[in-house]
Ligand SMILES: Cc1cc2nc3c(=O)[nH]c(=O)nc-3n(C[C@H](O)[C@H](O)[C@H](O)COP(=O)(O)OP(=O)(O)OC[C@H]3O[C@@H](n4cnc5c(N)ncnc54)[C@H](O)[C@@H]3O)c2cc1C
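Here we start with a single chain on its own, the form predicted on its own, put down as structure tokens.
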Amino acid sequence: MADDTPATLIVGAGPGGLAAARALADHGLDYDHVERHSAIGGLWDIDNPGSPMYESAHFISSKTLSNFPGFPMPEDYPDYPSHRQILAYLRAFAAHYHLDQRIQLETTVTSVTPTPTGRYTVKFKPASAGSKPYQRTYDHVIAASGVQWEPNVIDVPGFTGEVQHSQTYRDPQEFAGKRVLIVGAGNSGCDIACDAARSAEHAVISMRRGYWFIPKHIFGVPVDVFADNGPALPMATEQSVFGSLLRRINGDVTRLGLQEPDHKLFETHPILNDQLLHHLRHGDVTARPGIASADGSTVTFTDGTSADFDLILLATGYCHSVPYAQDLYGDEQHPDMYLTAFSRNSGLYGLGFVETNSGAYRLMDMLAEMIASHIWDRDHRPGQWERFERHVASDDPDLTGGLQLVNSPRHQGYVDSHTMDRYLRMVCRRMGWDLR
């Protein structure tokens, strides 16, 4: 190890990595920062190999509540910016805080291994021709390499047509002249089904359960801003009031072939989409329940209906993998991370693992500040460092905000944004940490 190697390594230059870099710099902490791609932006760079981005992708939370603290999105951005605008925002953020000057691009981390002294040996593989792999040892490693790179691919036994995951989808023209089945009703699945509605010869979306569809605007205001500006209500009251409002706005969705939701509002990740209901009402796309079986090009659904397809596109999500250190971070779907950011292994951290219903960038920034404060404490307040280490080992808060979340892999570890915000602030007060 070179004598001038910093104590901390940040892996990844997407939103999480940039938040971590700003927080470390604010605390006067030196760090190395690597990114395997040739540019900043993480998954928001559609040209980044393996990115899940597609041309019609937009933020599902509004620009008003989705920016990093202290760095608002441009006034001329729409309420829900496109993926290209988010990428430009991230790069402007990196340039404004001079973070881009510290990032070593085209450098892949291949492994992170604990040492007997409680540190971590990290192996790197540069992409440039003639550069040799090398290794360095760090006290702290922050995994901010993203969790939407390893697709969760399901089998469709008996189907002989084309099957692809939404990770590889880019443009509606890919559907031209094809009979297309979209499997999955997350926000990406609904977006892509709308693309198929406009471009495919025939488009169907298959979803195993009914969902609540939340419009992006209510009374002309972004729905998250509308909710944030309203009175603070108990969760059961919110579910009742907003559930009633959605029923009035959307009407009886079973008329459109959709199933009645089998859960209360907010008990799954919110689907913010105005357009799918529009296309269902116009017959541009058809809704079906889950797949029962397939034979050749014919797919039969659990309601007994069947249709022929050329392409099945799986919008079935991603595994939260950390391929260079999975054994240290735990389960691929629900890593063993306190507050989604602090590993039970001292010196390991993660940013970007939080699954929440609003304001992920703000929570990410708070967690980055907490990580930086904890690292700073090691050299300046060792007693507080040890106190928080004990806290990480023992604390297990319920951050669901009283939601009875559905039993699905995605909702393991899911948190309510407002509940987590309050809890993080409480922890920071107890530890004497400041938040921006």
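Note that residue numbering follows the sequence shown and begins at 1. Computed from a predicted model, the values in this text were never measured in an experiment.
This protein has a second form, the form predicted in complex with this ligand, left out of what is shown; the following refers to that one.
Considering only heavy atoms, tell me if residue 413 and this ligand come within 4.5 Å of each other in the predicted complex.
No, residue 413 sits far enough from this ligand in the predicted complex that none of its heavy atoms falls within 4.5 Å.
Just to confirm, residue 351 within 4.5 Å of this ligand in the predicted complex by heavy atoms?
Close contact exists here: in the predicted complex, residue 351 approaches this ligand to within 4.5 Å, heavy atoms only.
So, in the predicted complex, is residue 149 in contact with this ligand at a 4.5 angstroms heavy atom limit?
Because a heavy atom of residue 149 falls inside 4.5 Å of this ligand in the predicted complex, the answer is yes.
Does at least one non-hydrogen atom of residue 340 fall within 4.5 angstroms of this ligand in the predicted complex?
Close contact is absent here: in the predicted complex, residue 340 is far from this ligand, nothing within 4.5 Å, heavy atoms only.
Where, among 94 to 102, 301 to 309, 275 to 283, 357 to 365, do residues come within 4.5 Å of this ligand in the predicted complex by heavy atom distance?
That would be stretch 357 to 365.
Among the candidate residues 250, 326, 108, 137, which is the single one with a non-hydrogen atom no more than 4.5 Å from this ligand in the predicted complex?
Selected residue: 108.
If you check 60, 370, 405, 399 against this ligand in the predicted complex, which one has a heavy atom within 4.5 Å?
If I apply the 4.5 Å criterion carefully, the residue I get is 60.
So which bits of 262 to 287 sit within 4.5 Å of this ligand in the predicted complex, heavy atoms only?
Contacts from 262 to 287: none.
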